[in-house]
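So this first bit is one chain, no partners, the form predicted on its own, shown in structure tokens.
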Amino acid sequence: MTPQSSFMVLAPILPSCEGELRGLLASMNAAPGRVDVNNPLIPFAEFDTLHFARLIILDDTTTEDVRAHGLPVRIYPLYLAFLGDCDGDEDAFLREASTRAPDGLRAIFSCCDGFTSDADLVDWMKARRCPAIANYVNWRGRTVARIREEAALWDAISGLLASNVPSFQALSPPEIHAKLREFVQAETSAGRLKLSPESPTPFGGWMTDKLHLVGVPLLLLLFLPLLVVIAPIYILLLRRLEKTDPEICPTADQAYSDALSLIEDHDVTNQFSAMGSLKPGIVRLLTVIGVLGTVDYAARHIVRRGRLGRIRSIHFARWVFLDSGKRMIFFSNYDGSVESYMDEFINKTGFGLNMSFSNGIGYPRTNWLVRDGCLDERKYKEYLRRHTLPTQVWYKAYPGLTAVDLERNTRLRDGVERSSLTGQELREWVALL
């Protein structure tokens, strides 16, 4: 199994170069929200292992919200973030990027503080890596190559069925399975279909994953006596904060919301970036670290493939601390509209939404961390829209395919590659068609 990695390069933008940088990023698009995959700066179409990528200017318009907690407003630099999700090792991708798009990356990074014309691209990007505190991958081990092969398999089988409806309707499920296996074998032999075998899991990645699986619970067990002692105090302090935390949920500026809408809904999948300041104090800091640490562990070892809780529409997501934990940003790639995305979170995993995002300044007030909060739908949606950032450049390697499509295609392939299926398995497999 080839594991997936995420990368994020974060660098302050030179104030004198902001306009130039925005122009460069705009030139990478064929239209607002639609990247030119063959653009001369970063020709994304040439990268065979890249699932998603984006270049985004982190322009936080909510920094003054800290006044509600009696804190002075800090002036942060404007950041450029270059991030993505890829197959294999993060370092290997950065090396590939520096080889395939050296001039484009140099032109972009020349607008950032600390970049010089003689800088080693890979070393410069590595020095500015910004790791996630929590990361979610829809289907670990499913590579870009595999996704494209399985999509071609689906298209081939769908075409065969569409042109031979009467003959297939007369067949029993075992006969359909045998007929389609025979068809696929003939197509692969002729070179019209390719179904590559899965690569072995790198030993280092396997060992790291197993150590994480076992190590985190052992660490918690070690500190359990201390946690039992401080838990009642922590809960009471958190509840007291919840009762007085200010809410900042004004109606989002219509012009800003309209500008966001221009770069949304050009494909079945959208990008999402939301940024804001974290509530002050050790209680809130420990809460967000604990919650997101749990999310990261569950996403790696517990939750069923293809699902974040009951949500099936997210391809990749991550939570990242900025500015020494003063701010946080959330990135995701999801299917459907932003409205349906928000509704899905509220209806299917509202408690999780509250646990992670209620630690942000201005979030609708929660009750015992998991209750209320986002259940006030109007406040939550206004809060989220106000914290949403426009993404200047966004790339997806397989347009037109949802996460549900990818799971269906994988299950279809699994059935085709098996010589026999049980009665229930066979019924479920035929239902995919």
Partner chain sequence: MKSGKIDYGDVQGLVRFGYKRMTQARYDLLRVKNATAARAWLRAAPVTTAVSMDPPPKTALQIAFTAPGLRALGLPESAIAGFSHEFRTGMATESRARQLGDVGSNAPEWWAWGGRSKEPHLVVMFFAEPGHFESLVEICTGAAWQEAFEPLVPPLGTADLDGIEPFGFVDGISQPQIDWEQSKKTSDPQLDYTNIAALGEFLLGYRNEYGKLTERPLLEPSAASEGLLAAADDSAKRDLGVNGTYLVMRQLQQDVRGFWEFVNGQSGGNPAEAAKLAAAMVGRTTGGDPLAPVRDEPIPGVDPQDAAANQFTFDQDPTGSRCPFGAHVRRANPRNADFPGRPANFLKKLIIMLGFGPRGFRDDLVSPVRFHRILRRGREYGVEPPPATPPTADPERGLHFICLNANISRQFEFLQNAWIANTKFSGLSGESDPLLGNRQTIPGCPVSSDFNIPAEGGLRRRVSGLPQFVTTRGGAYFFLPSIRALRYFAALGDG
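Numbering follows the first chain given and starts at 1. Quantities reported herein were computed from a predicted structural model and do not represent experimental measurements.
Unshown form predicted in complex with its partner chain; subsequent notes refer to it.
- With a 4.5 Å cutoff on heavy atoms, D123 does not count as touching its partner chain in the predicted complex; it lies far away.
- Contact annotation for R304: at least one heavy atom lies within 4.5 Å of its partner chain in the predicted complex.
- Taking the partner from the other structure, its partner chain in the predicted complex has no heavy atom within 4.5 Å of any heavy atom of Q392.
- Among residues of the shown chain, F168 is one whose heavy atoms approach its partner chain to within 4.5 Å in the predicted complex.
- Listed residues Q185, S199, T208, S261 were compared with its partner chain in the predicted complex; S261 is the one with a heavy atom within 4.5 Å.
- Checking I133, L322, I176, L353 for any heavy atom within 4.5 Å of its partner chain in the predicted complex turns up a single hit: I176.
- Comment: 374-382 is the region of 22-30, 65-73, 374-382, 41-49 lying near its partner chain in the predicted complex, near meaning a non-hydrogen atom within 4.5 Å.
- For the marked spot (W154, D265 and V430), a heavy atom within 4.5 Å of its partner chain in the predicted complex is present in each of the three residues.
- Contact annotation for 304-319: residues with any non-hydrogen atom within 4.5 angstroms of its partner chain in the predicted complex are R304, R307, G309, R310, R312, listed in sequence order.
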